[in-house]
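Heads up, the chain below is alone and in the form predicted alone; it's given as structure tokens.
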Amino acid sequence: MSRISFQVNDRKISAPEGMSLLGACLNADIHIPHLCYMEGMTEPPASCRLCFVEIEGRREPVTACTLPVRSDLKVRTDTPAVRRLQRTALRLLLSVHHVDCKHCIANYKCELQRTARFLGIGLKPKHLDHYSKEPEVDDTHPHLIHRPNRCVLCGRCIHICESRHGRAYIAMARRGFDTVLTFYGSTDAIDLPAPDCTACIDVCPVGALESKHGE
């Protein structure tokens, strides 16, 4: 596959044709905040709204995960406008996130923690109402425990489940602030992936999924 060279922050980098700008930057050790992107995604959902960048010639910032690389790209990942958008997006995510790092399995390896440090904001933003979902813990799945108020609805679990098993056993339900993960309402272990499949747990960036069967 041919490679394309382009410019990011006054630095020339290259990437395979067809790769997303976000993937190319991450491979070149240029960090862009992100939660919903995973390598290998053909259609990233761009749901977290954290990976904004500025492109010369475009009036508005764009999401780097949805933009294929081109040879004429001139990209800025760190402008004041980009940082404002990223901080706003993170604060909105935190306004619906139950921050309890001490008791979370993702503590010290959480992508929200990392992103907050990178953007220089606290995990408990002021001047924003906090919205919680019910129930606090969803244990209706035969093998998984889901914590809706940790979940950032990134879709990584759905992507990896479909990749591993040929179909996704997890989906999104409802809309807006009421959006939650759903397991199709199944409480029957028949036809589900084996209990020792932890793929969705492993890719969760915030510890919203846990196994009922231990490690």
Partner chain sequence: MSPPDKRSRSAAYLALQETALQEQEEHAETGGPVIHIGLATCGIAAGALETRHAFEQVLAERKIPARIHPVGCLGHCYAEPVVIIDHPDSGFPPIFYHEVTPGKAKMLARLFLEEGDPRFEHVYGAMKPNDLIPSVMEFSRFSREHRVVMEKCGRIDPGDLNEYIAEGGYRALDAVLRMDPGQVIETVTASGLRGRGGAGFPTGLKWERARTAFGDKLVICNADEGDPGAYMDRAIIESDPHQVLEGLAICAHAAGAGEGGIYIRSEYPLAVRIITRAVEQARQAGLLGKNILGSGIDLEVTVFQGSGAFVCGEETGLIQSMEGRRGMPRHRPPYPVSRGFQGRPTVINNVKTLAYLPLILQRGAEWFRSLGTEHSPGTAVFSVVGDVVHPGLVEIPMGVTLRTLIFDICGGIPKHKGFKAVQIGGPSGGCLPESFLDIPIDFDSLTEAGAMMGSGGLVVMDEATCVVNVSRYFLDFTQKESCGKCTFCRIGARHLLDILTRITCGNGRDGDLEQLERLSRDIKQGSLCGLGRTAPNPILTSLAYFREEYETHVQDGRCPGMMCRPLTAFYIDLEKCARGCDACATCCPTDAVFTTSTRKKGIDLDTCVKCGECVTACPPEYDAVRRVSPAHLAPVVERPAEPVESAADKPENREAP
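Note that the structure is a prediction, hence the values are computed from the model and not measured. Residue numbers count along the first chain shown, from 1.
Absent from the display: the form predicted in complex with its partner chain. The rest refers to it.
Here the marked residues Arg84, Ser95 and Leu128 all reach its partner chain in the predicted complex, each with a heavy atom within 4.5 angstroms. For the candidate set Ala173, Ala28, Ala168, Met41, a heavy atom within 4.5 Å of its partner chain in the predicted complex is found for exactly one residue, namely Ala173.
The partner is absent here; in the predicted complex, the one residue of Thr140, Thr79, Asn107, Thr88 having a heavy atom within 4.5 Å of its partner chain is Thr88. Although the partner is absent here, Thr179 sits close enough that one of its heavy atoms falls within 4.5 Å of its partner chain in the predicted complex.
Although the partner is absent here, Val69 is not a contact residue: none of its heavy atoms lies within 4.5 angstroms of its partner chain in the predicted complex. Contact between Ile32 and its partner chain in the predicted complex is not found at the 4.5 Å heavy atom cutoff. The closest heavy atom approach of Pro148 to its partner chain in the predicted complex falls outside 4.5 Å. Residues from 51-70 that approach its partner chain in the predicted complex with a non-hydrogen atom closer than or equal to 4.5 Å are Phe52, Glu60, Pro61, Thr63, Thr66, in the order they occur in the chain.
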